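Only one chain is shown below, in structure tokens, and it's the form predicted on its own.
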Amino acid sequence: MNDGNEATGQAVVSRRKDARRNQETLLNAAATVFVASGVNAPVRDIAAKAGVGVGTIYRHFPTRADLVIAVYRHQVDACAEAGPALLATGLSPHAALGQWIDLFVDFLVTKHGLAAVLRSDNSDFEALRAYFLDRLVPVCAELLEAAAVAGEIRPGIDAYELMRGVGNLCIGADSDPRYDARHMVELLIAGLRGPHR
């Protein structure tokens, strides 16, 4: 009798993992399509990229706002989870910070595709800015602290200010082919080392 309960429990866990994996596939596909074509891209393009039917998208995300919010949160979560993982890889804290900032820049590029929708009057989007700050500022602060403790950067750099600076450097990068935002961000991160490095 216990064997039956165990098998049922394992089947439920397996279905949950499959559902999470399927949803992640959908969100990654939607993010890719949003970057390429904007948030108003046809749902059939997202479904094709994810390798599923259009009905599957609507079953998971009944409205476009649901999908946009889920993509945004998924991107924020991935960026937030990357910080501690990079520190744990054994890279120097400054190298981990640089790699995380590179991921953050990638996120900002994706976010630019969502910007018009996020500025809309839809109340569903109001909590996203707070979610973004609550999830990412502590991660950036942890990376900055680790690099400062290691003596790789000057101490006292504010995570919010750094992230705001990186965001400002990314503005307009998609509309001016002569401007390389990633290069400017690299210079900013190199400058955190201070004059003695």
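Bear in mind the structure is a predicted one, so any value in this text is a computation, not a measurement. In this text, residue numbers run from 1 along the sequence as written.
Keep in mind the form predicted in complex with the DNA is missing from the figure; the text below concerns it.
- The putative spot formed by Arg44, Val52 and Gly55 is fully lined by the DNA in the predicted complex; each residue has a non-hydrogen atom within 4.5 angstroms of it.
- This chain is displayed without the DNA, yet in the predicted complex the stretch 58-66 from 153-161, 168-176, 130-138, 58-66 comes within 4.5 Å of it by heavy atoms.
- In the predicted complex, the DNA stays beyond 4.5 Å of every heavy atom belonging to Thr25.
- Relative to what is shown, Ile171 and Leu67 are closer in the predicted complex; their C-alpha atoms differ in spacing by at least 3 Å.
- Note: the CA-CA distance for His74 and Gly53 expands in the predicted complex relative to this form, by 3 angstroms or more.
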